[in-house]
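Heads up, the chain below is alone and in the form predicted on its own; it's given as structure tokens.
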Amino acid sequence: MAKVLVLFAHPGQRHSRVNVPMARIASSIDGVTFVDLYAQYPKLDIDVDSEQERLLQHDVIMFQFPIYWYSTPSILKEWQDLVLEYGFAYGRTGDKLAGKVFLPVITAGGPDHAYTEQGSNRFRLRALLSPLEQTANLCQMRFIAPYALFSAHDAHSNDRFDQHLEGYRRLLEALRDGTVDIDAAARLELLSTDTLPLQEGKADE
């Protein structure tokens, strides 16, 4: 079994309609370590040694967050700036994260068609997340497609909310159990409830 780490960043949780229920799921699964960064570091006083040790102890690293101004909430940027040090995460001797799997878990307020070259946001969601993808590449981690939900504000108005939560549970359990086809997941644009690439013959084990 792989050890999965979920680093959750949501600065406005009392307004959350999707991320907080997702966080409850992540925190309830055996083999998944769930960390609420804003709760642990309300003053952004990140313990670098503790966070680096936590990374070393896990095989899969996940950032879960609502996209804010086309990027991550500020604490995740602070976390990256401090924790992913030269000589630890990158550089000539910085190979401590090599081979680990990394993926973002994103919710977006806008609809999927807004995240196209012709849409109001002018860029695909995957393109907006390219700094995270390149960070993973620099740290020699295996970046796989983000698990994303669009139009998160009205997800409760149809079946998408329950489907997304169930898909998140399946994704976490599959990453823990090693049943995600990592190569296929890396080639996809985005992951969703309908596109989880489980390895053939292992989905029901």
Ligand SMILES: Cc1cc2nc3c(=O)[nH]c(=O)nc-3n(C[C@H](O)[C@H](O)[C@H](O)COP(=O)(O)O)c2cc1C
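Numbering starts at 1 and follows the sequence shown. Remember, it's a predicted structure, so these values are computed and weren't measured experimentally.
Heads up, the form predicted together with the ligand isn't pictured, but that's what we're talking about next.
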Exercise. Within 4.5 Å of the ligand in the predicted complex, heavy atoms considered, which of Leu76, Ala127, Ala108, Leu82?
Worked result: Ala108
Problem set entry | Contact stretch among 82-90, 129-137, 96-104, 110-118 - heavy atom within 4.5 Å of the ligand in the predicted complex | 110-118
Problem set entry | Residue contact check: Phe143 to the ligand in the predicted complex, 4.5 Å heavy atom | no
Exercise. Any chance Phe34 has a heavy atom within 4.5 Å of the ligand in the predicted complex?
Worked result: no
Exercise. With a 4.5 Å heavy atom cut-off, would you call Ala152 a contact of the ligand in the predicted complex?
Worked result: yes
Exercise. Within a 4.5 Å heavy atom cut-off, is Val18 in contact with the ligand in the predicted complex?
Worked result: yes
Problem set entry | Within 4.5 Å of the ligand in the predicted complex: residues from 66-99 (heavy atom criterion) | Pro66, Ile67, Tyr68, Trp69, Tyr70
